[in-house]
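Shown below, as structure tokens, is a lone chain in the form predicted alone; questions about how it binds or moves come after it.
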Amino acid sequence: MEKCVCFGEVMMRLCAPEGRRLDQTDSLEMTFGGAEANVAAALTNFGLCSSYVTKLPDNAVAKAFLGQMKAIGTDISHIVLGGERMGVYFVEKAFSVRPAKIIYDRKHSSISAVQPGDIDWDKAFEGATRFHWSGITPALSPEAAHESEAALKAAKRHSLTVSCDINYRSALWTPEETSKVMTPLMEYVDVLIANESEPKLVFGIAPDAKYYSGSRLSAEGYADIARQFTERFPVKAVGFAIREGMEEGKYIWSGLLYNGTERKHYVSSKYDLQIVDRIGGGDAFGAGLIAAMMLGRSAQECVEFAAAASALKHTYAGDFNRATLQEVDALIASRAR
């Protein structure tokens, strides 16, 4: 059976009750989330084998997270304890014309102070076939960037298929800083996950203007971005989560997958979403793509699964995608009828 190892930061999420602002509530709901943790949890919920690697403080909050991951069934045996704290983020959900608000408090988190030798990557990758990371992790600190590179080098020693979600965060670094760190790391990536704006912002890769109709980019435009990636880096496939017409808690959601070997792109069905919680939607798309690849599905089936899985994630509160493999396949089948 294939196994995917995910590496990154997990944070405690404190969310104001539905309809309330952070400055008017006297209670907050605590859950956990983080790009790579979300992927690991989703893969486990699909019935696949996943392992999550990070560094956490040795305290009760971290133990609460570890208990949740253990209950799901994700392997946490290579998580390292140490450092000062777990990062926190505060969430005020969007409603109608009011946008969501997120406040991060992650400075001096344990993972940002990870040291060489804290994580034994050769042991962490035993029995693994895939490794997933995102651009958030090297953005946290020079130490986290160094550890990301160490993990990637080890992944290639073990002949793992490497996937990466660019996940650019302007609150953590500038496009110039991102490009300087991420460009050499792209040499290790086999499967890239992105949105429309990140390739141009970070790598200067943009589609031809002819692929735009107003502000909307066509499927051929996304494929043009992906083609440029595969020509510049050893990337073999590029996946895009596509969001259209966002207004009043609704938007249209779909995905596109470009196969660099075939030089061909595949487009998923579209989903009109009524959103419960959009945080983690992109991670759910990435997890769906990885899961379908682990299951040996065709390119068209992979992008259909990724889009359907992430569409379902938008119907749940919290960062983790709680959908099962059977539920995702049932949604896909319902669209085919």
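In this text the structure is predicted, and so the values were computed from the model without any measurement. The first residue of the sequence shown is number 1, and the count goes up from there.
Here the subject shifts to the form predicted in complex with a further copy of the same chain, a form of this protein not shown in this document.
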By the heavy atom within 4.5 Å rule, which residue out of I279, L48, L273, M293 makes contact with a further copy of the same chain in the predicted complex? L273
Though a further copy of the same chain is not shown, can you say which of K210, K123, R157, K107 has a heavy atom within 4.5 Å of it in the predicted complex? K107
a further copy of the same chain isn't shown here, but in the predicted complex, which of 184 to 192, 219 to 227, 135 to 143, 69 to 77 has heavy atoms within 4.5 Å of it? 69 to 77
Going by a heavy atom distance of 4.5 Å, is L56 a contact of a further copy of the same chain in the predicted complex? no
Although a further copy of the same chain is absent from this view, report whether A64 comes within 4.5 Å of it in the predicted complex, heavy atoms only. yes
Is Q24 close enough to touch a further copy of the same chain in the predicted complex, meaning at least one heavy atom pair within 4.5 Å? yes
Would you classify A299 as touching a further copy of the same chain in the predicted complex, given a 4.5 Å non-hydrogen atom cut-off? no
So which bits of 93 to 111 sit within 4.5 Å of a further copy of the same chain in the predicted complex, heavy atoms only? F95, S96, V97, R98, K101, I103, D105, K107, H108
